[in-house]
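Coming up is one lone chain in structure tokens, specifically the form predicted alone.
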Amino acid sequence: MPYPQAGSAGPAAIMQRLRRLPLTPPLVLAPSLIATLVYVVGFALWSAWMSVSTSTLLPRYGYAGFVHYRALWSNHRWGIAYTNLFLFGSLYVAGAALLGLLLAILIDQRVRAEALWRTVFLYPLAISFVVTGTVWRWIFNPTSGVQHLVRSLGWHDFSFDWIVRRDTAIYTVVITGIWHASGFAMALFLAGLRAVDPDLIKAAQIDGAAMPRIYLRIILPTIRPLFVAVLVILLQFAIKTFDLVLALTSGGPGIATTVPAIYVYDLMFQRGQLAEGAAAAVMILAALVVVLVPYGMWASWRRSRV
């Protein structure tokens, strides 16, 4: 049996040489870049063309102008959907960020069983939106949820029927979304809090500053960039919300909780209006661009100053 000669390259040496090749990084990144170009950029451009085409049930590539955008914005249901997006997005982002920050500050006090609490607060993130919406629909249901439970305890005048009322149903979606996302925000904020230089905190404590003042004046300003990142990520979640609303309220009662993603699905797959559905999808993409482009420019500007 031949033995390897002295000085022959082993697997580790070969991998090290491959890493030094100038073409290795582009070759490693090429599959991801190609997939991004095809499935993100390519389909986004295709949707944009479909939105100005003569498509109905099936794609057609004739040019129809912006008639579908005019029809979209003149539709009462789309107006409600976009209004719900702003209402849900603002309350959802603010609520999840504030609750996540509060949980992170509480856990940052080195509480007992810290790992257990982190797991409990992060657990909702491991559950799909469909399961979350289904469970919370049972909780909000007047005949089987909180209202039924409280009335069975003797408070017969108690009422908690938000999910079946047009003026309050959207707030059940907000509550459910905050419950699902606050653990995610907590994990990000906790990582930022633990990254703060402990010498700053000790110096403030030596000067006699109380912990609330230390958080407000030292710790939170230090992690200010993290706030922007958390808000941008939560805004993306809010804009793309679909399965949570579908499982919780199905866009009802009536159209009270319809959001743009549900409207796109209804146009494309229920009514067969491909062009108008593509126009609605482009408007959702525009909302994402409004969020992501300023954040990208701000992040680039911040890196250039470092």
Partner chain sequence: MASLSIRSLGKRFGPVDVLHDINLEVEPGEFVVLVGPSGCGKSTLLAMIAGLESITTGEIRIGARRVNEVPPRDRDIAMVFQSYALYPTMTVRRNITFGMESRRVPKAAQAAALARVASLLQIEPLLDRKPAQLSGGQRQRVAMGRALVREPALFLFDEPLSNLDAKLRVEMRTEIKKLHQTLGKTTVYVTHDQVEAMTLASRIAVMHQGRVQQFDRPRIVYERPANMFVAGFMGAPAMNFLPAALATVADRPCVLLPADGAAPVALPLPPVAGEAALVPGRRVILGIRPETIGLAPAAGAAATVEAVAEVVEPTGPDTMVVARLGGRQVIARFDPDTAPDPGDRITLALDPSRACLFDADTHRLI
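Numbering follows the first chain given and starts at 1. Note that the structure is predicted; figures quoted are calculated from it, not measured.
Below, we turn to the form predicted together with its partner chain, even though it does not appear here.
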Query raised in the report: How about A204: is it within 4.5 Å of its partner chain in the predicted complex, going by heavy atoms?
Result: yes
Query raised in the report: So, in the predicted complex, is L98 in contact with its partner chain at a 4.5 angstroms heavy atom limit?
Result: no
Report task. State yes or no: in the predicted complex, is some non-hydrogen atom of I218 no more than 4.5 angstroms from a non-hydrogen atom of its partner chain? Result -> yes
Query raised in the report: Might R213 be said to contact its partner chain in the predicted complex, defining contact as any heavy atom within 4.5 Å?
Result: yes
Query raised in the report: If you check A191, A115, L200, L149 against its partner chain in the predicted complex, which one has a heavy atom within 4.5 Å?
Result: L200
Query raised in the report: Using a 4.5 Å cut on heavy atoms, which of Q236, T222, N75, N141 is close to its partner chain in the predicted complex?
Result: T222
Query raised in the report: Counting only non-hydrogen atoms, which stretch in 177-185, 98-106, 122-130, 192-200 is within 4.5 Å of its partner chain in the predicted complex?
Result: 192-200
